[in-house]
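Taking the form predicted alone, here's one chain by itself in C-alpha cells.
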C-alpha cells in the first residue's frame, strides 16, 4: 500500500496576479524537490508538458488542488516538514485564504493505483462529513493500512 494525500487551497488572487508571482515561481522547484524526495511515487499534474502547472478544480478558479502518492507516512512527513517545502508552507497565508474547512486528507491506495482528482475530493468530503477514519485521515489522526489508528 501507498499513502495518497490531497490538499486544497483557495487563492487570494488569480495565478497571473502580481501578488501570486512568488508562489508561481516556487511551483517548479518545489515540485521538483518532491519528485526527487525519498519515497515519492507520483504527483497529480494538470499538464503533461508542464509539471509546474497547478490543477484547477471545477469548484472554482480560485481552488487549487495538490495531490501526490508516497510510499510511507514518514516519507511524506520528511518532505513536508524537513525540506525547503516547509519554508513555502510557512508562507501559505500570502497566497491562500484562511479557511475553517477541511483542506487536507490522506488515505491508503494499492501499489500502482494513481488516484483521480474526483477520488481525492471525495476523500476530503468524507473527512469533512465523518471525521477521521480508516478511509480518510490526517497526520494528526493517522490510520495504518490495516485501518487501525496509529
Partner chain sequence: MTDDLAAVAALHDPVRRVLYDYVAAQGRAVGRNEAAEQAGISRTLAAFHLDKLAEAGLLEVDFMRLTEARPGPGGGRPAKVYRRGTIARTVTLPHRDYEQLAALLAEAVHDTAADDRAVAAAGVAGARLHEPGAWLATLRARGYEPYVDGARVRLRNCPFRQVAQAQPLLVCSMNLALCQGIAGGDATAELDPRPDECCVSFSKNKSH
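The structure presented is a predicted model; accordingly, all values stated were derived computationally and were not measured. Residue numbers count along the first chain shown, from 1.
Although it is not shown, the form predicted together with the partner chain is what the next lines describe.
For the candidate spot formed by 78, 86 and 89, every residue has a non-hydrogen atom within 4.5 angstroms of the partner chain in the predicted bound form. Although the partner is absent here, residue 123 sits far enough away that none of its heavy atoms falls within 4.5 Å of the partner chain in the predicted bound form.
Put simply, residue 82 is close to the partner chain in the predicted bound form: some heavy atom of it is within 4.5 Å. Partner contact region in the predicted bound form: 97-105, out of 62-70, 97-105, 23-31, 113-121, criterion any non-hydrogen atom within 4.5 Å of the partner chain.
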